[in-house]
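Quick setup: one chain, the form predicted alone, written in structure tokens, and binding and motion questions come after.
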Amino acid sequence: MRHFTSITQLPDLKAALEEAKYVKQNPFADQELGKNKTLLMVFFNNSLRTRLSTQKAALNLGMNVIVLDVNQGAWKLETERGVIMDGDKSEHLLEAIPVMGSYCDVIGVRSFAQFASKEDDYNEVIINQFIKYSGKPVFSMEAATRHPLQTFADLITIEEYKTKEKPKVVLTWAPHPKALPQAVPNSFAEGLLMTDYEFVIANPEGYDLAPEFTKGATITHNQDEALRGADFVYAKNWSAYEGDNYGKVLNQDRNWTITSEKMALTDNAFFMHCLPVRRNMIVSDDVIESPQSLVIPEAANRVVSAQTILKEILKSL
């Protein structure tokens, strides 16, 4: 595997989950793979878990790591071709990318949706330029439409905590004061549809995700109906996708917040969220602090996820 921008690029999900189990039990077993290899992590957006977990994963594999915060200390980068660069952007991404590629062996890129153009976001303009011009393997540390390292960690976590072969997993929209990308829910849906689990998506009217990510899932606008009998509840906000509402916040209905009353509808479900989370908007204090909350082990599995993927990329070098 040379590039990793979607969970669907895993050739065999079951084999990947088994490999993740091995990596978790033997975190330092493959340091020769990364010896004298350099990972460059490029951040166009903020990060806590992705930055720390991916760096830890690379170090576990014996790699050197360079971290570049594009917005702090680097030249401001132009991303569009044909632009007269007479503003505040001093360097073009088309020169910057091959230069970055010359300094490393593998590149991780984090670049969120901008909401200026649905076409640009859903064509993944930024990360695809890295793939085209860097000459090096590239993996997504969250792009405009997907967050595959998070999704793989989510699948690892469900596999570890499920109590039945085919659990019911519910992805539910929850309110948030800001417009958030669809990357995490898109990617989560894509990953769950690779399993044989029962998968339900609940969201208000106007918040349906792109059909390319959700085809095959049960979709409802009734959250209570979705939660009944659930084994895992994954709460996440996302902004509107459809039409002229793309990237907009249409409502902040607190009735969609995950509370203990909502969780009582489930089959003693585990609660999941990618973090960071707005408490008492997305989820109440008592739910996220309950014994059924998996947000910390889920976050810890981000190291396992990143290390498993990096290991496969290193094998291709």
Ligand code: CP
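The first residue of the shown sequence is 1; numbering continues from there. Treat the numbers as computed from the prediction; the structure is a model and nothing was measured.
One more form of this protein, predicted in complex with this ligand, exists but is not displayed; see below.
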Heavy atoms within 4.5 Å of this ligand in the predicted complex: does residue 48 have any?
yes
For residue 140, is any heavy atom within 4.5 Å of this ligand in the predicted complex, or not?
no
Any non-hydrogen atom of residue 41 within 4.5 angstroms of this ligand in the predicted complex
no
When the contact criterion is heavy atoms within 4.5 Å, does residue 62 count as touching this ligand in the predicted complex?
no
Taking the partner as it appears in the predicted complex, which of 22 to 30, 62 to 70, 250 to 258, 48 to 56 has residues with heavy atoms within 4.5 Å of this ligand?
48 to 56
Can we say 110, 147 and 276 each have a non-hydrogen atom within 4.5 Å of this ligand in the predicted complex?
yes
At a 4.5 angstroms cut-off on non-hydrogen atoms, which residues of 284 to 317 are near this ligand in the predicted complex? List them in order.
302
